[in-house]
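The chain that follows stands alone, in the form predicted on its own, written as structure tokens.
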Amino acid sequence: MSAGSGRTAGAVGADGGATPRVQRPPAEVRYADELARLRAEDTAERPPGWALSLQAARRFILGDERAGIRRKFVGDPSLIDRALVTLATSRGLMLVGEPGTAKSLLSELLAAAVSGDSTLTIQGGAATTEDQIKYSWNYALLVAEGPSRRSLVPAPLLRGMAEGRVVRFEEITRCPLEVQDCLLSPLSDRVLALPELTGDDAMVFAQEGFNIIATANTRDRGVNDMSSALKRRFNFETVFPIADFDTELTLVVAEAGELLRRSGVTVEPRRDVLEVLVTAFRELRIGQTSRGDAMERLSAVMSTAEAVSVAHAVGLRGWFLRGEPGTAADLVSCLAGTAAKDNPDDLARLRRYLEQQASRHAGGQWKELHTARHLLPG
């Protein structure tokens, strides 16, 4: 496993034993070799403060087969171009879309390409405070010495501005409006005030390379809508679900395979099982069969990311319970946890799908899916 930025995904301890592996290293660690090669070969002009040029950052995200750079995001290449150009301007980048469309992954890849560090992350939520975004205090030092830079504990926004790095703000619309609006001055004036301090210490001015990538789910619209003042400081880009079946299937097979290998599974997932999985997800997502017949759609999120999670669970179930890759019957057992998250009626809709639609598809795995419908709980 590659290492970078002082972090390792796995290491050997002093006693010679392997230390536990990080479950999911950040992008700059997972792809450290690729980033190092791109930096070494990058002769194009770079925006001030950037680790890579726009061309090299684009290759890092979209891949370059001739150079051995893996494609990491499946989507519209022009979206990547617009996102990179936005990050080179004085506006922040807002990625919006349905849950599970890889907005967070894209923000991570963009931050790794631009700054070489994707870990300056704020997780938005109802309990998120300005202290978690900007800065807080070491209260022992604060009481002993009073407010000073030594007693200051920087949060991601202050660090990103001081170090000239990209800050990621996940699920920004889950935060209260007054918390969201603490970004106004950093985005417009590129300055963060520290009113507890005096003199030169009372202001932090953004260094070259600083910007903000925020994400928001369209399903959260209306929870805490952004103020018009904050919206004006972002360029909005929509991340759409994968439209092409073969592309989505290839992605699910690849991502599930990687997750299974990291989980200790030594066999590859069955493509015919995952083909059933992706087809079912697409039909339940849009409310239409692949034949064009109308059907009930689920209110639950049936995204590509959810399909990968189910494929991972199917492979784990098959391997660790029976020593095989997993079947369509395992798929039925694993689907319930995805379908019944938001609305109890979704479980009944899924049951009707398995009873009425699965039997109309050809193939042995579809027959097994239909036969195993009784495995749904309830």
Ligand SMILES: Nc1ncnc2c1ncn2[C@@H]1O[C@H](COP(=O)(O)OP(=O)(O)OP(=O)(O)O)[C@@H](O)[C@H]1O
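Source: prediction; values computed, not measured. Numbering starts at 1 and runs along the sequence shown.
Omitted from view is the form predicted together with the named molecule, to which the following refers.
Does F236 reach the named molecule in the predicted complex, with heavy atoms at most 4.5 Å apart? Because no heavy atom of F236 falls inside 4.5 Å of the named molecule in the predicted complex, the answer is no.
Under a 4.5 Å heavy atom criterion, is N217 part of the interface with the named molecule in the predicted complex? Answer yes; at least one heavy atom of N217 falls within 4.5 Å of the named molecule in the predicted complex.
Would you please decide whether A88 lies within 4.5 angstroms of the named molecule in the predicted complex, comparing each non-hydrogen atom pair? The answer is no: A88 has no heavy atom within 4.5 Å of the named molecule.
Would you check, heavy atoms only and a 4.5 Å threshold, whether M226 touches the named molecule in the predicted complex? Looking in the predicted complex, residue contacts with the named molecule do not include M226, since no heavy atom lies within 4.5 Å.
Location of the named molecule contact in the predicted complex, chosen stretch of 301-309, 195-203, 113-121, 150-158 [non-hydrogen atom, 4.5 Å]: Contact-bearing stretch, as computed: 301-309.
Please pick, from L183, A102, I172, A280, the one residue with any non-hydrogen atom lying within 4.5 angstroms of the named molecule in the predicted complex. After the contact test, the surviving option is A102.
Which residue among L141, L249, L187, I242 has a heavy atom within 4.5 angstroms of the named molecule in the predicted complex? Of the candidates L141, L249, L187, I242, I242 is the one lying within 4.5 Å of the named molecule in the predicted complex.
Is any part of 57-93 within 4.5 angstroms of the named molecule in the predicted complex by a non-hydrogen atom, and which residues would that be? K72, F73, V74, in sequence order.
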